[in-house]
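One chain comes next, on its own, written out as structure tokens in the form predicted on its own.
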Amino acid sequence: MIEITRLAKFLLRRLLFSIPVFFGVTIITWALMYAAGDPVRLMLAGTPYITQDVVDNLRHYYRLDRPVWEQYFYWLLNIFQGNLGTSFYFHSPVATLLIPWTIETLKLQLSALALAVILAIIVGVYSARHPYSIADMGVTTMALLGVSMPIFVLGIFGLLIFSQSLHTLTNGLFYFPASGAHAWNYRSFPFPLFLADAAWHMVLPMLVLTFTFMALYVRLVRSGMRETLQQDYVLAARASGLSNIKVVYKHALRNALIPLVTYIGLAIATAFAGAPITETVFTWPGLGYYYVQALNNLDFPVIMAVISILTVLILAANIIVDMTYGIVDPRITVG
């Protein structure tokens, strides 16, 4: 009963703290958008003979002729009613646009994240158990390379090697697509061929994201495992006759995963925002790619919708991660 009360107080405290954070983020984003320029002028950039009456009508239609603070409160009222507005650039309700974009982003991001976590745990544990070996030095070198190299550089190298070079060497018989999530006529494919086409287009961007995620996660697992394996309770477990596998994977690994849990929780939350750089390099039709398009065109409703959703997810992820600590390590109490 005491634990439930403590958990309820913890959740209430964190939720109350999250409210001003949400308003602060949205207000700052709104102010920065208006400082960036006039979206109506961008919409009409290719039509120099448009009259001022048309400009004024567009500004009135999108409520851009109102004071900034009044526009913000009108947007806030709509978003709490589930209305995310209409896109200036895509000319469709934002809510209907976000659904297919988010599906494509999650398909790519969560696949890469899951693969990176599995590989990072396997490689990180092996590296920690064999410190300063050739394999360990190779792992740390590759991890350092992955952390240091900008993801767009890695993506361009991937395109050059696995798309262009393979296409040339095999005379077009085998290569990974350089852009898109599907073939142009994928809607006419039977279901097995549809899945194969989607997987084929996913390989290259997913490998780039997996390597980027894994570079950080391997370092976290390796450093956490090396520190944990030197703890007294691990030495005592080995002295008591437990097998090495049980000591490493049942006792030591749980404590070593605490930093990784934090990063995974935040990575899942930010996955909904997509990976703007990766999706732009591979022209992946996900939330990150279209968010960049919205930024370039000052599409206020899309920008605010993505930032708002992302803020809520990050705040929720922080709360969930704090609660997960107690599951991973029972010595940690929440509240």
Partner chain sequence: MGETDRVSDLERRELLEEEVETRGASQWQLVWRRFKKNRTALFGAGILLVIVFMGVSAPFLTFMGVLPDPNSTIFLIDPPELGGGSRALPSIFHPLGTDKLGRDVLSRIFWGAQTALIVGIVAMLLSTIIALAVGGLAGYFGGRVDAGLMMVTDVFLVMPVFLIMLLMIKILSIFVVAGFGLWIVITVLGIFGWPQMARMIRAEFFKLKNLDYVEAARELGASNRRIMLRHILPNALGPIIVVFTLGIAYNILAEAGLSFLGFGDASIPSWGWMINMALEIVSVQPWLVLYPAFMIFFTVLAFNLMGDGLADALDPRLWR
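Rigid core here is just the name for the largest C-alpha set that superposes within 1.5 Å across the two forms. Numbering follows the first chain given and starts at 1. Note that this is a predicted model, so its numbers are computed, not measured.
From this point on, the text means the form predicted together with its partner chain, which you will not see here.
Site residues 9, 231 and 255 are none of them in contact with its partner chain in the predicted complex, judged by any heavy atom within 4.5 Å. For its partner chain in the predicted complex, the listed stretch (95 to 103, 116 to 124, 261 to 269, 243 to 251) containing residues with heavy atoms inside 4.5 Å is 261 to 269. The closest non-hydrogen atom of residue 191 lies beyond 4.5 Å of its partner chain in the predicted complex. Its partner chain is not shown here, and in the predicted complex it never comes within 4.5 Å of any heavy atom of residue 323.
For the chain shown alone, residue 148 is a contact residue for its partner chain in the predicted complex, at least one non-hydrogen atom being within 4.5 angstroms. The closest heavy atom approach of residue 219 to its partner chain in the predicted complex falls within 4.5 Å. Contact annotation for 17 to 38: residues with any non-hydrogen atom within 4.5 angstroms of its partner chain in the predicted complex are 17, 20, 21, 25, 28, 29, 32, 33, 35, 36, listed in sequence order. A displacement of 2 angstroms or greater separates the C-alpha positions of residue 300 between this form and the one not shown, with the rigid core held in common. Relative to the superposed core, residue 26 shifts its CA atom by 2 Å or more between this form and the one not shown. Between residue 281 and residue 38, the Cα distance is greater in the predicted complex than in this structure, by no less than 3 angstroms. Pairwise change in the predicted complex: residue 37 and residue 280 C-alpha atoms lie farther apart than in the shown form, at least 3 Å.
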